[in-house]
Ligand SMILES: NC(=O)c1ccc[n+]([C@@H]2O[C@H](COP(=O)([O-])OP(=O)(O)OC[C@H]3O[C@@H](n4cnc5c(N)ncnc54)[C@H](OP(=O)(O)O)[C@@H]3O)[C@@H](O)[C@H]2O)c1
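Coming up is one lone chain in structure tokens, specifically the form predicted alone.
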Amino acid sequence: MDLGIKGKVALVTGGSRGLGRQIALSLAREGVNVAICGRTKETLAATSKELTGLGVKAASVVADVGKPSEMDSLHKEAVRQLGPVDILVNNAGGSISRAGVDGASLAEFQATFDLNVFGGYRLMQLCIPHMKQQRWGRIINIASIWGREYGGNVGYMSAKAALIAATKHAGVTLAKHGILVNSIAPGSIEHPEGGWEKFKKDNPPEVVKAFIEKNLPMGRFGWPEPVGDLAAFLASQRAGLITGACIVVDGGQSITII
């Protein structure tokens, strides 16, 4: 299936490893030129090499999405290297504190929103003018099933829920401009250096086995490729009637019926 996005320019935050890396690779395989950001120069360089190996242009920018003030310079550098951004993937995210409401400080709660919501929100604002001008754009925000239902910690769950809500609002209000905005809600996806890999290393086999039996209907943790390929599809011409949606990729893990 030709997704019709060859030659477009994408910016993927947290694109040097994990889900972000896989999303960048899936886009590159469709002929998209990809800019990625991350906090580690060496990891960025390795992923950029993978991307150029697929025959596209790649750019890497050292930036911390948890510091929204850095997003203007990130956007400016991505545009300088590759041109205006047609496809934005806000992938960077995570937990600052794993405590509940009685343990996480206000500063930690706010920092979790900076990382999962406000950095990506600023990038949306920076990318939208070009998308409006050409009457075409795609924004994909990586949320979590724990933004749709109970799970994780209070900061992460609240921030991902806010991201899903912002995506819905943007998807509806920008549709008339040819800009489609959607979110993806992964379940427990295992990847190198990720939280679930660490969970498996830090816990006895019987604890891991019990978690899988209780939570994962497929009998295994998820893997990055389905998330990456879905992001590429949502970025494509083929997804022309999908906007404001939150699509779950979790192997049946979540329990909400919505």
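Note that residue numbering begins at 1 and tracks the sequence as displayed. Nothing here was measured: the structure is a model prediction, and the numbers come from that model.
Keep in mind the form predicted in complex with the ligand is missing from the figure; the text below concerns it.
- Just one of 28, 230, 63, 59 comes within 4.5 Å of the ligand in the predicted bound form, counting any heavy atom, and that one is 63.
- The listed set 112, 158, 188, 182 contains one residue whose heavy atoms approach the ligand in the predicted bound form to within 4.5 Å, identified as 188.
- Proximity of 92, 144 and 196 to the ligand in the predicted bound form is complete: all three residues have a non-hydrogen atom within 4.5 angstroms.
- Within this chain, residue 16 lines the site of the ligand in the predicted bound form, having a heavy atom no more than 4.5 Å away.
- Although the partner is absent here, residue 34 lies well away from the ligand in the predicted bound form, with no heavy atom inside 4.5 Å.
- Within 4.5 Å of some heavy atom of the ligand in the predicted bound form lies at least one heavy atom of residue 39.
- Within this chain, residue 43 lines the site of the ligand in the predicted bound form, having a heavy atom no more than 4.5 Å away.
- Residues of just one listed stretch (120-128, 99-107, 167-175, 135-143) have heavy atoms within 4.5 Å of the ligand in the predicted bound form: 135-143.
- Along 226-251, not one residue places a heavy atom within 4.5 Å of the ligand in the predicted bound form.
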